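Listed next as structure tokens is one chain, alone, in the form predicted alone.
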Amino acid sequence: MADGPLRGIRILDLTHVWAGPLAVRVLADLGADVVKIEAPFGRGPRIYPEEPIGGFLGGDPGDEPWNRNAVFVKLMRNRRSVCMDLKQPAGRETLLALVREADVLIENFSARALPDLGLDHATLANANPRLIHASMPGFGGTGPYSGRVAFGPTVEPLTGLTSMMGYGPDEPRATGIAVMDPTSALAAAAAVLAALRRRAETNTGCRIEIALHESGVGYSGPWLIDHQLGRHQQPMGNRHPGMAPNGVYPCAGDDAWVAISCPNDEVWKGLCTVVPGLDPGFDLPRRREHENAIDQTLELWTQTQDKQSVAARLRSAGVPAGAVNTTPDMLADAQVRFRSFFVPLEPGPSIGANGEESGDSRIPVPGNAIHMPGISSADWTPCPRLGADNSAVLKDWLGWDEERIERLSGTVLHDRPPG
């Protein structure tokens, strides 16, 4: 595993979708020994009826499409995979044996999922009183919504954030990226680190609970204050309550845009030196009064310009501006490339049934924003194949022999989806 500051910390990863896997990826990048506990169908069926969201790694499903799900793969580096059926008594007992050896267990099931399997927190803590159990249910473990199955796009409207998105009061919009997931993920990773420090002092574990819903409510702070003060807020699109102009403007080319912001009068005067037809004498109240006309003037000018060159020209005049990057732009961005944020870790599209790679092509995946001594992508490992480490983990963590493991293979333990 990665040789980072968390080396020696054992984590059982029972997460799925985005919020939980991203939290674990941060900890895995920091060097924790992470064992991914997967259901036999956790990565999908043997034969996909259609392409999954995000497609297949490198655009190629290969001979094992369940191991090529791109969204899954990008989140699952630096782990070992144990595929077991927790609905079977032997699967439950095997998990509890692993819990006795673990430092942390992370899951983001609904509040009722683990209790229904006979694996509630009391059972886990009884197996290992030093265990840190991080739970990430959509609405928490208590309250009238606690039994609901939650996904970011369905949680987000309940946080109040959606009511402030969009381009006017009649057009609320969701963010489109389930922003509660990544914010909850980072909160969970930080909470686990805090709990590990607490355990070092008390020698006892604890249960951490992070609700996606509550993670999103924090975004509504300014609007809650405005409501308390009797002010009315409504969606403003790309505009800003304290700056004008402020927005995203079309440029020459297909789906090309530039973001421009004018925080004060000095910047406005700089903008006027570059864009013809603007009045440098306008203060903020006048700019707010004529914001539609200003935006129209900016659009007529920017749509004749290349987004990168116009952004550079505006910045040289002291105007905060930046090209809006598409995904290919982001991969090619000079800053991103200089800092090697995207890591060429995953094998290319030509993958055989045994996982062998044809050629030396590598697919870049997002790196880690944390830069500190002892953390490097040089020792990171790609997403493991389903059940690739069944035997190794049970031998390493539990000391089981091959005969005992073999008795569970094909019934409790799997290395491919049943079918």
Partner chain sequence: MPRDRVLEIGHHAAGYCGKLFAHAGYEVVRVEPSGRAPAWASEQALELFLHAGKRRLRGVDSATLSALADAADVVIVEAAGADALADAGFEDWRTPVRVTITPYGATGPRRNDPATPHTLLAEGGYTYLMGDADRAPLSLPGHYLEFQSGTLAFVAANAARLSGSAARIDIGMLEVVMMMSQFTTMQWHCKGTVRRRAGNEFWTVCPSNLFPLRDGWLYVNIVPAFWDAFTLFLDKPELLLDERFQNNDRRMANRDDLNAIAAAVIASMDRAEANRRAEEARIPAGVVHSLGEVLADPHLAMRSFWQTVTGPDGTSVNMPGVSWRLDQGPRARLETAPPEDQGHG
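Whichever C-alpha set is largest while still superposing within 1.5 Å between the two forms counts as the rigid core. Since we're looking at a predicted model, the values are computed, not measured. Positions refer to the first chain, counted from 1.
We do not show the form predicted in complex with its partner chain, though everything after this point is about it.
Worksheet item: Does T94 reach its partner chain in the predicted complex if we count a contact as any heavy atom within 4.5 Å?
Response: Looking in the predicted complex, residue contacts with its partner chain do not include T94, since no heavy atom lies within 4.5 Å.
Worksheet entry | is_contact(N368, its partner chain) in the predicted complex, heavy atom dist at most 4.5 Å | It does: once its partner chain is placed as it appears in the predicted complex, N368 has a heavy atom within 4.5 Å of it.
Fill in: Close approach of R231 to its partner chain in the predicted complex, 4.5 Å, heavy atom
Close contact exists here: in the predicted complex, R231 approaches its partner chain to within 4.5 Å, heavy atoms only.
Worksheet entry | its partner chain contact in the predicted complex: G62, any heavy atom under 4.5 Å | The answer is no: G62 has no heavy atom within 4.5 Å of its partner chain.
Worksheet item: So which of 117 to 125, 139 to 147, 269 to 277, 80 to 88 is the stretch with heavy atoms within 4.5 Å of its partner chain in the predicted complex?
Response: Going through the listed ranges, the match is 139 to 147.
Discussion item. Exactly one residue in L30, A388, I37, V393 has a non-hydrogen atom within 4.5 Å of its partner chain in the predicted complex; which is it?
Written reply: Spelling it out, the residue with a heavy atom inside the cut-off is L30.
Worksheet entry | Residue (of T327, T304, N203, Q296) lying close to its partner chain in the predicted complex, criterion heavy atoms within 4.5 Å | Filtering the options by heavy-atom distance leaves T327.
Item to complete: Check each residue of 313 to 337 against its partner chain in the predicted complex and list those with a heavy atom within 4.5 Å, in sequence order.
Response: Residues within 4.5 Å: R315, G318, V319, P320, A321, G322, A323, V324, N325, T326, T327, P328, M330, L331, D333, A334, Q335, V336.
Worksheet item: Can we say the CA of G205 moves by at least 2 Å between this form and the one not shown when the core is superposed?
Response: It does not reach a 2 Å shift.
Worksheet item: With the core lined up, does the C-alpha of S220 move 2 Å or more between this form and the one not shown?
Response: Indeed, S220 is displaced by 2 Å or more.
Discussion item. After core superposition, I'd like to know whether G168 moves between this form and the one not shown (criterion: C-alpha shift of 2 angstroms or more).
Written reply: True for G168: a C-alpha shift of 2 Å or more.
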